[in-house]
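Have a look below at one chain only, the form predicted on its own, in structure tokens format.
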Amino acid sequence: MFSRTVLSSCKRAPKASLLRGLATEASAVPAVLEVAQVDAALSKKTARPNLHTGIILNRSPIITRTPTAFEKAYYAYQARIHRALHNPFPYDFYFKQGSPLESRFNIEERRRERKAFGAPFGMQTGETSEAEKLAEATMRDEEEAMPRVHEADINSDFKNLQRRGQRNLYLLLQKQENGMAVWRFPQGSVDRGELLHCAATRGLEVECGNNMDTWIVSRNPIGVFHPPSLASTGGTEKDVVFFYKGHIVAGQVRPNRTHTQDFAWLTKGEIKTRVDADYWLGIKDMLSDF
């Protein structure tokens, strides 16, 4: 009985080992192909992109925005509620009776009443004293408000930093690129081993001069732009531009004429009309709408 069992197992052993060998060889074929494909991909020399840095130099608003009709109505309503509910100001305690300061305060208070509630509130009753006449003449000379529209807006002077005081302005430079005049943010290349934010600061000084004080907000870029590859290079040479945010504190641009033809301080809407479609799609989300 024992010998019969041993003989039967010996007869089945070569067949089982043959099947296992065939299965191992069949499963090894795809693995060899995968290794060959990986080696082929690694053996190909991938071209490294050309690194560039750009500065989005911003001039922040210098005056407050003009309120809308709804905002004006809301503020006027709140002012009327405040004046109707506030306690009377004890001006007898702060001003000497009959003094010029008391007369000035009374005139200003009547104006505030008339502005909040309209006529007949705040109207003059009785004769006007000499102190009040003198105070009115003084206030008339002091209350000449500055215009909210600058001369640069009237003359369309895009180089003046005083234009469009209610909006954010950004510096754009006109350059020659592939034989065409294009508008771009200040931009420069990155040297080997150079930090990106250092390259951005250096590129700004090279293209715009050192006649202005600027502040680079962070060492981290706020956006990345991938320019389309040129047809002449066959699409193999690629560029990458890292943009940094900066603010101008004082001074003005003095462009390097070897790199730049012209410059302008523009709002977001004005930038859209000057740059090409690919550049606009890459930068529009980095700019403020106001």
Partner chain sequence: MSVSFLKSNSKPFQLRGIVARLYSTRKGEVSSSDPQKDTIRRYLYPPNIRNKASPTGTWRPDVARALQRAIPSVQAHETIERAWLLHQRHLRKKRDAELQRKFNCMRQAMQELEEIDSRLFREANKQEDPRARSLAEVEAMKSMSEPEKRAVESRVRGLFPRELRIPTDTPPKNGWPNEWRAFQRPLA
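Numbering follows the first chain given and starts at 1. Rigid core (definition): largest C-alpha set, two forms, superposition within 1.5 Å. Predicted model, so just to flag it, every value in this text is computed and none were measured.
Keep in mind that the form predicted in complex with its partner chain is not shown, yet the notes after this line are about it.
Arg48 belongs to the set of residues with a heavy atom inside 4.5 Å of its partner chain in the predicted complex. Among heavy atoms of Ala264, none comes within 4.5 Å of its partner chain in the predicted complex. At the 4.5 Å threshold, heavy atoms of Leu85 reach its partner chain in the predicted complex. Shown alone here, Glu113 lies within 4.5 Å of its partner chain in the predicted complex, counting heavy atoms only.
Although its partner chain is omitted here, in the predicted complex all of Arg80, Phe117 and Asn210 have a heavy atom within 4.5 Å of it. In summary, among the residues Cys198, Leu101, Ala181, Val206, the only one with a non-hydrogen atom within 4.5 Å of its partner chain in the predicted complex is Cys198.
For the stretch 90 to 115, the set of residues having any non-hydrogen atom within 4.5 angstroms of its partner chain in the predicted complex comprises Pro90, Tyr91, Asp92, Phe93, Glu113, in sequence order. Once both forms are fitted on their rigid core, the CA atom of Gln97 lies 2 Å or more apart between the shown form and the other one.
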